[in-house]
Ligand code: ADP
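First, one chain by itself in structure tokens, the form predicted on its own.
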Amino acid sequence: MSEAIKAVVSVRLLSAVKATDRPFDYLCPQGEAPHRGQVVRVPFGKGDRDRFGVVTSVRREEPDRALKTVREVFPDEIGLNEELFALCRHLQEQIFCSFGEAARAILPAPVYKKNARRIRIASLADGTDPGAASAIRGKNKALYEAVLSHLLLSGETAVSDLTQTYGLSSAGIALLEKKGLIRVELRDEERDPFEGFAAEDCSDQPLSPEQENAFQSLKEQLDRGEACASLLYGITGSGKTRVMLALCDHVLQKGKKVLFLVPEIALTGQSATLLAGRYGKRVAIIHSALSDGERRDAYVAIRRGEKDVILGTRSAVFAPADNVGLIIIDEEQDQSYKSDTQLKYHARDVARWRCAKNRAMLLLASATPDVESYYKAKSGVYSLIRLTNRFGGATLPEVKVVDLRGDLRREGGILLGRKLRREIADNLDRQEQTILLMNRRGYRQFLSCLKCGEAIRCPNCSVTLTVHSGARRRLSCHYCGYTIPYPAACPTCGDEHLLSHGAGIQQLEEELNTVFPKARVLRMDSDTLTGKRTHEDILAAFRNREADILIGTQMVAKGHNFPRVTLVGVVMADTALYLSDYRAGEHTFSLLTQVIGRAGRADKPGRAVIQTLNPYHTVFSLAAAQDYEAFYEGEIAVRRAFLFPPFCRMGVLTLSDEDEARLLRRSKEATDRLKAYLAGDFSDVKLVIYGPFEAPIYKMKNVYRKRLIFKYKNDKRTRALFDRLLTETQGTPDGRGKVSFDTNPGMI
């Protein structure tokens, strides 16, 4: 073989955007033999700056030009297996991202930038007797003998534990090692995200007859060994989790792995308690609130095959597990499974692809399924498994829809109407717990001047600033974080007469403390979740009866099981009903049904009060009756008539720019280009186009945004059209103008 023939690797950069989404060739380092999927560090650009990438191919050839050399090849356990490599290719085609964007979501930076935490482990050398310490000169003989005795009885021990327990210095440990009495070695230590969780073992509790029937139906499908999908539709409190855990047991017995997804970080604590109690150290957790080290350790442990149950939020769908047998998406209707950040994927779509690759089961579970999922179940694409009774003989709550307008006429500005106040008082007298839902952060929604009428707005975003109370009374933007102290006068005209409008959850907390001064109140929203595990601390405190009332935004509505909660109140049920989104009714119905379902889950009956300014709206009456079937029939009829998903796909092309005039030009150019395609090379593509028009929040973080909205059929020709449009409608050379495409967006 010629000396000139060398090993050459093609690398796709993790930082690549669509314009640079192509392989770059490098020489392999001497003695290294990387393979496809491995992460490498390479020099890139004129300055040879460090960049991280993924190897896409390896070949031996005589280069026809000078090539740079790979600087570092990361271990195989920090990389993409063949399945995840193929997934990156799939996401490129389906959601029009670059390979690097897809790989970066699967391989978050901590995986390859964070080192393992290494600790020193001491063990007794073969044949060593603790009495051998007497031969060592010096005053520490007794300490040496104590350490040797400890190792004889307890076995391997961290050096740090020995020095702390016995007061022996590092030099003393080194002396024992030098004398050949002990061995010391470095080992990787897995950071434990379960620290502080109290495991709950429910493995010996039998399923109810209805749950057993559901489990057997799912088990029969799974045992066929074919890719399949099922929707486990059960009313709140019917015990869907118990069925899912039984199915996990079955899959693990077959030697396969389970991915268990929950919608909110706040739900991982409850699920971790159940899974850790059942499966112990076999469980890994993946979500964004983990430390960098914990995320790295979880990835490596899963890649090594040390964990076979993976719990997490939507990003857990990318876990590097092989031989997956079951992917569960709990509360599958939740909007948080759709990522609206850089990689705009839906966890459900990724899970469906992975199940097809692994011949595994996708199990969707909800009391209020996504309308598209229920349509597929009714159409036979998914199998439909129902649970119609609450577990343990519990009954559904009694629900009252209350017209708040009369209370507001009598007591303007209140949040708690007379009916809800009475119910809370009764609960306090009975020493039962209450959950109140108010899906608005802050104290007031905005502040305006009585003289000039101007509202105080964020200078970086086209929104008003939200009023926050507390020790630091302030106005904040919930999009860019801009914050100012509460003003003494109007910034526009200088007048001192300012009026706050609307209401937020902080005002509800203040009103509760005024009306019920002896009640213990906990608040749970993004302003109170300041620490890594604050949400777990709040939920644990409420579960342990350290509070009488839990108030919160939508994060308190889903999945939680509080046996002592007998009352649920919805303070402002109209909040999301009139958003400019075709799913506004669905989201409102789901949120109300879910939060109502938190009441009466044990031996005591539950009640719920829905406060609204429009008590005759169909969504409220159907949510009060917990009648999902009737809601679905009405909703699917509207979507069929007006051609909304599941009868088409929706897509949004967003152009953004810091220069507003340039954005207007770019949006017109993109529209004209698209119309030219449809009149020419892509005249066979059927596409309904709306826009361009301003995004709902036109200016965000000093960036202006225009959008084109599409209804389309997800076929190869339409994807080719969008890919070409994105290739030729790129960002601006100065980097201040960008373009993105979102399939099945979270909000229209």
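For clarity, every value in this text was computed on a predicted model and none was experimentally measured. Numbers for residues come from their place in the sequence shown, where the first is 1.
Omitted from view is the form predicted in complex with adenosine-5'-diphosphate (ADP), to which the following refers.
Check residue 626 for me: does it contact adenosine-5'-diphosphate (ADP) in the predicted bound form (non-hydrogen atoms, 4.5 angstroms)?
No, residue 626 stays farther than 4.5 Å from adenosine-5'-diphosphate (ADP) in the predicted bound form.
Could you tell me if residue 237 has a non-hydrogen atom within 4.5 Å of adenosine-5'-diphosphate (ADP) in the predicted bound form?
Within the cut-off, so yes.
Using the partner position in the predicted bound form, report whether residue 211 sits within 4.5 Å of adenosine-5'-diphosphate (ADP), counting heavy atoms only.
Yes, contact at 4.5 Å.
Does residue 593 reach adenosine-5'-diphosphate (ADP) in the predicted bound form if we count a contact as any heavy atom within 4.5 Å?
Looking in the predicted bound form, residue contacts with adenosine-5'-diphosphate (ADP) do not include residue 593, since no heavy atom lies within 4.5 Å.
Which of these stretches, 461-469, 289-297, 176-184, 228-236, has heavy atoms within 4.5 Å of adenosine-5'-diphosphate (ADP) in the predicted bound form?
Looking at the other structure, the answer is 228-236.
From the list 395, 205, 160, 335, which entry has a heavy atom within 4.5 Å of adenosine-5'-diphosphate (ADP) in the predicted bound form?
None of the others qualify; the residue that does is 205.
To verify the annotation, which of these, 241, 373, 612, 313, has a non-hydrogen atom within 4.5 Å of adenosine-5'-diphosphate (ADP) in the predicted bound form?
The residue from 241, 373, 612, 313 that makes the contact is 241.
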